[in-house]
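Two forms of the same protein chain are encoded below as structure tokens; each is given separately, as structure 1 and structure 2.
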Structure 1
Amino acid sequence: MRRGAGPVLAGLAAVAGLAVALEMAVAAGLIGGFVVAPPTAIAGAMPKLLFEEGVGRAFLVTFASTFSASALAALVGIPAGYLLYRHAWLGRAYENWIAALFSAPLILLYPMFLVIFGRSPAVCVAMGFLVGVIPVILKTREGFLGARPVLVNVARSFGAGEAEILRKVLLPAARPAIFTGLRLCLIYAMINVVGIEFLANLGGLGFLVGEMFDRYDIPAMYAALICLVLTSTLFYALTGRAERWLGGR
């Protein structure tokens, strides 16, 4: 699909217009400066956030938690998805339950992890793992189920063993679905990691937002929120690219 630059420019112009309107509203005293920081003050707070408050480090902490949670989810989820495929009775027993968990508000249970793991990054990793492993299991099983049975049968008639069928037929066939699952896993893991960082005051980007609010440094808090929204927007787009590139047939 070809897209003109028009909509992009219009979007940017709308954001710029909103910024100018906010600036003027705050200057005119229509909105309190302690509720909405004027955009110039937010821009002024950016360097402080970057160089003094360590946005870079917070960024690394958040992504370290997100990626370790996702790696764990892949390590557990892909074999689990295979088991659910390989043994149809297991698949029948658990598929619905796992699908139900997918839409369940699991993050509400985070205080339990807080009690079990104490106030440590392990809470973020555990929560990220829990929400991330579900799409990996579901998508992996879906991918294996989608492999054409005739390919599996041909491999079997040529005397291929289970391991060889898995490596040469099933995994290549399921690759796009598995990468879709991994992308969902990364996105859900990051959302939950950042959420818990904010809720439990545990290092990372989410923590930074809460920290600035607690110090009542409102411009810096808005600056931190903007960094966070930009990060998750980019992450969303980049994982989409990676999924198409790695999972493309």
Structure 2
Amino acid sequence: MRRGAGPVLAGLAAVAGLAVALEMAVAAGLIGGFVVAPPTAIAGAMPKLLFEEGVGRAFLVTFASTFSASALAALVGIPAGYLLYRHAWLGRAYENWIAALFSAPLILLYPMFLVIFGRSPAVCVAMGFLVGVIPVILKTREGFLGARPVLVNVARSFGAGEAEILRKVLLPAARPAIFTGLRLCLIYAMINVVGIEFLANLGGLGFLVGEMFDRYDIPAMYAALICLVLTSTLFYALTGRAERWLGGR
């Protein structure tokens, strides 16, 4: 337990030290309070977000959109990655095109999705899926390609079918790469979901950040940003827990 608590305590100590340094810098006038709110003011704005601005509801909207987009990306991306691995010519033909999309600013397509889905959370889900499915496909294929061929050949020599080889050999070997893809998926999906919420005023934490900025309530804006960071941390912890659970089965 001490080994597990040590890194957590060290991280909290670093955050506390940074908060103290920032508070002192703002108080000394080294950083303008109109640009960066002092941590005490940010902490004081948290109750306002909780009881007046509906940050809990905003969190649920952002969480639901990001989770839905990531779940769809996993349902589509993992089979697609396996397909690119199973048929090598497909992988050679399409991997570079898919990778090129990863660096494209796909968020700029949001006006088209607004026309298709209207002003609804479906726009956030669709945009999150579009960017999230790419790393899932690429990392899934990479994970399957990294499986040792000798293991596949041994399983096949014992009469295992393709479905059994996939379940007992390929998926366990590819699991670390697949979960890396899922983590990247969550990161990029959430970035796009929050960005669309901010740009199109579709609710959620992104809208809340924009609303606080429009009111020039700087402490509340930073408090909303901290809620975004905590949401991202929650997603990261959930994927880590899921990977450990699957690894123990």
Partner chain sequence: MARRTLAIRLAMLLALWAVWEIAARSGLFYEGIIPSSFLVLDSMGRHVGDPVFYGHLARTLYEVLAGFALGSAIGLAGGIVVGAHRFTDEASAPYLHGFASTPKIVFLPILMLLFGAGPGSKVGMGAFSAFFPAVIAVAAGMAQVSPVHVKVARGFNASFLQIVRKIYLPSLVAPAITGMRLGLGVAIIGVLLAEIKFSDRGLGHLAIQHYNFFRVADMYAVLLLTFALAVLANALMGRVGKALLRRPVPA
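Heads up, when I say rigid core I mean the largest set of C-alphas that superpose within 1.5 Å between the two forms. Note that the structure is predicted; figures quoted are calculated from it, not measured. Structure 1 provides the reference sequence; residues are numbered from 1 along it.
Only structure 1 of the pair represents the form predicted in complex with its partner chain. With the core superposed, Met221 shows a C-alpha displacement of at least 2 Å between structures 1 and 2. Core fit done between structures 1 and 2; CA of Phe235 shifted by 5.1 Å. Aligning the rigid core leaves the CA of Val26 displaced by 9.9 Å between structures 1 and 2.
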